[in-house]
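Structure 1 and structure 2 below are two forms of the same protein chain, each written out on its own as structure tokens.
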Structure 1
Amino acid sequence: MRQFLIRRAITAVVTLLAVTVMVFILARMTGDPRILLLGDQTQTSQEQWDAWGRDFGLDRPLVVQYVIYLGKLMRGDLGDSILQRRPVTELMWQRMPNSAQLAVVAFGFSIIIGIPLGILSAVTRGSAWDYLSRSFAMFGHAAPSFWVGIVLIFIFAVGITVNLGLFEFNTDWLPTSRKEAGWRSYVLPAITLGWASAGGQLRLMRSSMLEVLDAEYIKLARAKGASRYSVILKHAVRNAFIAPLTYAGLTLAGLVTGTIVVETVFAWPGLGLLSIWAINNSDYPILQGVILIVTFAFVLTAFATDVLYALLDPRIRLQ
């Protein structure tokens, strides 16, 4: 297992270095960074231009510039925002907890809904529960997240009046945006963000369970008189959990950093909304910071998933 984890750690480090090289090259392809940093200050003397080059190491070869850039990254220095004139790290740390909280709630929704429905769909193959579960998964994958968010806002935030004759009620139960209403603020964006992931978990868990339930050792366990509960939970679920585990790891990283659409719809003050602002205002240092954070989240989650693999699958521990 040690060799397996060492190989995965080396792969993670190489991936991070490759992304830093790509980000560095793409940043230089847009032109001299001094042009972006100066902004509208067109009246710049040659002395000021050269001084900026010396201060930021832009008068040195590209290889040396990359080493300087990598050293700053390792110290947590992502540069300053062009428009806000504040460190990018500070701006991102202010928004990251909001994105992380929303992602964790959405991840919990996807696991709590997707895994049990996947098991139920596999166990009751061909029944009404199976068709309902698969319809839930198909709708979650097919419906765009911005459309799901708008529909949920229309139904549960703007409100629909329901008249039942004897009484009527309005469904304006949840806030439309931001996070001032406590836990109620998480409900709509978390469902919007986690529905597609829940559908993916459901489909993967169902297919894995069906494959395991048809295995010979499951038939042997049934022949020995093991209870249905024991066969499903003790034998089938544990062995069918490898594929959903992979998807769960990638999903968590994607939810933390891929909330641009959902945060825009619900005006959620996270990294996604910050990215939209940076794109609209051509604030490239913030975009670079978001890209690096996304990469780090994916690589770290993938490595953690490999560790869980080694703990769950004895075949990997023997490598």
Structure 2
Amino acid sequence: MRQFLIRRAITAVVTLLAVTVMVFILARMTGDPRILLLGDQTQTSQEQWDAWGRDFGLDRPLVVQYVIYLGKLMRGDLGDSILQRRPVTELMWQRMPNSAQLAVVAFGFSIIIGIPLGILSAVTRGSAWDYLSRSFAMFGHAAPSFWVGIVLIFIFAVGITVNLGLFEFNTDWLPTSRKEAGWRSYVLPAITLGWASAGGQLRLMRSSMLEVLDAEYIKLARAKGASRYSVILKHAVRNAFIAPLTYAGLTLAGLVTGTIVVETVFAWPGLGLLSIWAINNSDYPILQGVILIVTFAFVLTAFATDVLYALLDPRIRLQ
């Protein structure tokens, strides 16, 4: 177990370092930081220029520059935004809760929908329920999230007038964006973001259930006269749950990236919208901060999932 943990931790650290190297190189490719600082002032003396170079450490070898950069990162210094002239960390702290809330709600949605439907789908294999559930999963996986968001906005925010002869109603039940606060503003973005992962959970839970339902101990439980529900819920689901659990960790991490597109559709003031703003305004430090944070979140979640997985399933540890 210890060896597994150490090995896994080393991989995580190497990944994080690789990302910092990449982001550092990307930062150098955006051009000389002095030019970015100068902005509109084109006049500067050679001494001033060189002095800045020394201040930023640009006269040192690239490797030294990278180490300095890494040192700053460790202390939580991600530099300043070029346009807003404020620390990137501060800007990100303001937006982070919004993204995190959305990701968590979407995650909850994907579990609450995906797992039970997966169980249902496996238990009623070949039936209409199975077919419908799998279509739900398939479509969530295939439809681009931005498009799902737009369609949902059209149906539930713009509204369609439905005429049922005796009475008619409009389906404009939900708000489109964060401005109109309250839980209702979470519904559409969370469904948009969570549908694809709900589908993933569903498929995984289904196949894992099917495998477990074939096992000898299930037959034994049936033979000894346990009720259908007891067999499914107590004997099968518990064992089938491990695979979706691993996936759940990755889902959560994937949702963080997914928010970028969904936030754009719903004008949700999170990290995604911040990074799109940064792109449109060529504000590289912000973008770099978001990349680092998102990767960090992903690597940590993946690590935590693996550890949890190893704790739950002894077979993994022994490999």
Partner chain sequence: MAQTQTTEATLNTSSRLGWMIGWLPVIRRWPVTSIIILVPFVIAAVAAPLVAPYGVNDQELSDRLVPPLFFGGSTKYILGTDALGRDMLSRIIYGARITALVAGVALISGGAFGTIMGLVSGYFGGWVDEVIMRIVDIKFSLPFILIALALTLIYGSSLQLLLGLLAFLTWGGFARQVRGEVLLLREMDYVKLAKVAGASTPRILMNHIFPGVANTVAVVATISVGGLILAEAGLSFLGAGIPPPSPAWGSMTASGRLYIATSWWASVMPGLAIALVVVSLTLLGDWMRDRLDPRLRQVL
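Under this definition, the rigid core comprises the largest set of C-alpha atoms superposing within 1.5 Å between the forms. Source: prediction; values computed, not measured. Counting starts at 1 with the first residue of structure 1 and goes up one by one along its sequence.
Assignment of forms: the chain in structure 2 is the form predicted in complex with the partner chain, the chain in structure 1 is not. In this overlay on the rigid core, Ala137 has a C-alpha that sits less than 2 Å away from its partner position between the two structures. With a cut-off of 2 Å and the rigid core superposed, Ile242 has a Cα displacement that reaches or exceeds the cut-off between the two structures. A movement of the C-alpha atom of Leu73 falling short of 2 angstroms is seen between the two structures when the two forms are aligned on their rigid core.
Core-based alignment between the two structures gives a C-alpha movement of 2.8 Å at Tyr229.
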